[in-house]
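First comes one chain, alone, set out as structure tokens in the form predicted on its own.
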């Protein structure tokens, strides 16, 4: 940190703030159902998330340098996958990559990021599909009529993407009603920017603020990753339990222990926290 005209200014680059956001997200505790510095699963551990954040850096650098969004994202995912835990931060990187691109161009605002994602191309979509070949990602079945564009087909779907002239924004738009990250892409990252304000308005250690924001987001909407892995009913129950914590009827620690036992992982909410941490860091959140 340096002092300029009486104001503390971070010397971190855009990519460094994006990487730091990934690290701060996983250190926040408790985050019911998610890996944090006190809780982990047998096959998905805290160290995997730390390694994933380190591995993703080259792709974040590419996004901040103005490289095409799709290849930057694929590079980040490929690097993230270079640890033994599997998928740690696929969704978080899908949030962070366009935010980093917008920030590097001085456009870190809902309208600025909206312009970035709407400017994506068919080749960005092709790179996004190839990213699924680097790591297993839990996704829902595609909407009716879009079976040839199932992301689980990876590069096999690329000829169809090109034939239909489907951009990466088009892909996100087609999934926005069932995927919380895709919904952010088509809404100007509305929830991410709102949560960044909560972080900036909060007090105490940033990791603690991150866990509080996680609960606020989880209580506001059903987590789409829970809906995909379990079902909609479970996602609604998780939302209600998070609200109970905020109301003081339950404790976050007890809920965290229960969700780990039940293998309930509100991963989409964690992805949005990563994005909100990045925006807050770019806007002066001090660490």
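Residue numbers count along the first chain shown, from 1. Model, not experiment: these values are computed from the prediction.
The discussion below concerns the form predicted together with a further copy of the same chain, not included here.
Remark: residue 228 does not count among the residues lining a further copy of the same chain in the predicted complex, judged by a heavy atom distance of 4.5 Å or less. In the predicted complex, at least one heavy atom of residue 20 sits within 4.5 Å of a further copy of the same chain. Interface membership of residue 46, defined by any non-hydrogen atom within 4.5 Å of a further copy of the same chain in the predicted complex, is confirmed.
With a 4.5 Å cutoff on heavy atoms, residue 57 counts as touching a further copy of the same chain in the predicted complex. For the candidate set 135, 183, 206, 149, a heavy atom within 4.5 Å of a further copy of the same chain in the predicted complex is found for exactly one residue, namely 206. Exactly one listed residue, out of 119, 154, 188, 82, brings a non-hydrogen atom to within 4.5 Å of a further copy of the same chain in the predicted complex: 82. With respect to a further copy of the same chain in the predicted complex, the three residues 13, 16 and 27 uniformly fall within 4.5 angstroms at the level of their nearest heavy atom. In short, of 63-71, 246-254, 214-222, 48-56 it is 48-56 that has heavy atoms within 4.5 Å of a further copy of the same chain in the predicted complex.
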